[in-house]
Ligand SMILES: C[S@@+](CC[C@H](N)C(=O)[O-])C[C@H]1O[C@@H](n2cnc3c(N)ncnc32)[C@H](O)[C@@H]1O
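Here's a solo chain for you in structure tokens, the form predicted alone.
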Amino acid sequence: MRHLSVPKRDTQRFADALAAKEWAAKGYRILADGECTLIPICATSPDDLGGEFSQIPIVEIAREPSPDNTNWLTHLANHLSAETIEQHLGQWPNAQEHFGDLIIFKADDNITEHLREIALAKLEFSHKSRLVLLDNGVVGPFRIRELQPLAARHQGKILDQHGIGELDEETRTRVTSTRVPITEYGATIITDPSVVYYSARLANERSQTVSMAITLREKLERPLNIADPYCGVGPAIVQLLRAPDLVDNFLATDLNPAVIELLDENLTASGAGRDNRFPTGLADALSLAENPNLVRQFDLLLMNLPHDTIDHLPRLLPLLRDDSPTLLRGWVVLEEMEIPAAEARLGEIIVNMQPSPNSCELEIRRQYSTTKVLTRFTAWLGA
């Protein structure tokens, strides 16, 4: 069986990358191997993994599945006949996301009549989970997911939608709450996927941002002013604030009103001082550079609005200093065939600020949908 052999510090990054492409072998544990870890690769993955895996050694080891491995489909047999399960093989929603004690999944239209049974089976399988929700896709200007509660755990019992409906209003509200704490690289972040956008899969990206910010601080020999104008509930700022003597002042804003209470809570828990001289809270990123007190004030700018990053970038670049080295990091969702054109446009935008910037390439981070990929760019700018 094939395994990626990666340094221990990169385990989560490559495990997430394999899972995003559905190349991770299910039912096999990641193994320790000296200073490295061995991440199992499923048999249906291509011989040449390519991309970010192209320089990673692959190790062959004979293995058996973990003895305690089961699958939620095993529990589905408690609710549906073997014939029904067989009829829809390959259509059952194995892909799911875990947000704290929440399980979120999508389902094809041809199995929607079995949503109740699917939810019950998933909750029976995942003993630490509290609530199973169906993801009906994103809605509204902030692209927030429409989540439908299907099953919940309450006082040791698993309830379907009917059982949830019979609870008193206060208990039902508590049981179906989607507000959850997420632990990310030692920090606890409160989020709520029903009202704000948060991606656990970008945790490694945020960790890399901290590493690059530390490098910039060493170059400048002083703490940094950091701008995160699409901060959401603040996971990137929280991680940066945890690094000793890294942040001087910061800007953390978002246009989604539902974010602000959670953002304030996360910043307070991270120890952010009340004397920060830049805005935090509700603000339109596109209007920030109209404030002369913000122009040319920042050493690091984060552009995490993947569907609009490139369009918004010209309006945000004036926030970066032009008299010292600065760092720009952004994330973009697009069709893979659009990458060359997007890179060319990025170059045109950045060259207006710095005539000879370092190359700014879009690196594919993971599959975003069946046709689109999430990419990242990093640019060192300034004098």
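Here the structure is a predicted model, which is why all the values come from computation and not from measurement. Numbers for residues come from their place in the sequence shown, where the first is 1.
There is also a form predicted in complex with the ligand; it is not shown, and the following applies to it.
Asks: State yes or no: in the predicted bound form, is some non-hydrogen atom of residue 198 no more than 4.5 angstroms from a non-hydrogen atom of the ligand?
Replies: The answer is yes: residue 198 has a heavy atom within 4.5 Å of the ligand.
Asks: Residue 239 near the ligand in the predicted bound form, any heavy atom under 4.5 Å?
Replies: Although the ligand is absent here, residue 239 would stay clear of it in the predicted bound form, with no heavy atoms inside 4.5 Å.
Asks: Consider residue 230 of the chain shown here, and say whether it contacts the ligand in the predicted bound form, taking contact as heavy atoms within 4.5 Å.
Replies: Contact check for residue 230: yes, within 4.5 Å of the ligand in the predicted bound form.
Asks: Do residue 246 and the ligand share at least one heavy atom pair within 4.5 Å in the predicted bound form?
Replies: Heavy-atom contact with the ligand at 4.5 Å: absent for residue 246.
Asks: Among 266, 304, 209, 225, which has any heavy atom within 4.5 Å of the ligand in the predicted bound form?
Replies: It is 304 that has a heavy atom within 4.5 Å of the partner.
Asks: Pick from 84, 256, 297, 194: which residue has any heavy atom within 4.5 angstroms of the ligand in the predicted bound form?
Replies: None of the others qualify; the residue that does is 256.
Asks: Pick the stretch from 149-157, 305-313, 212-220, 171-179 whose residues have a heavy atom within 4.5 Å of the ligand in the predicted bound form.
Replies: One stretch meets the cut-off, namely 305-313.
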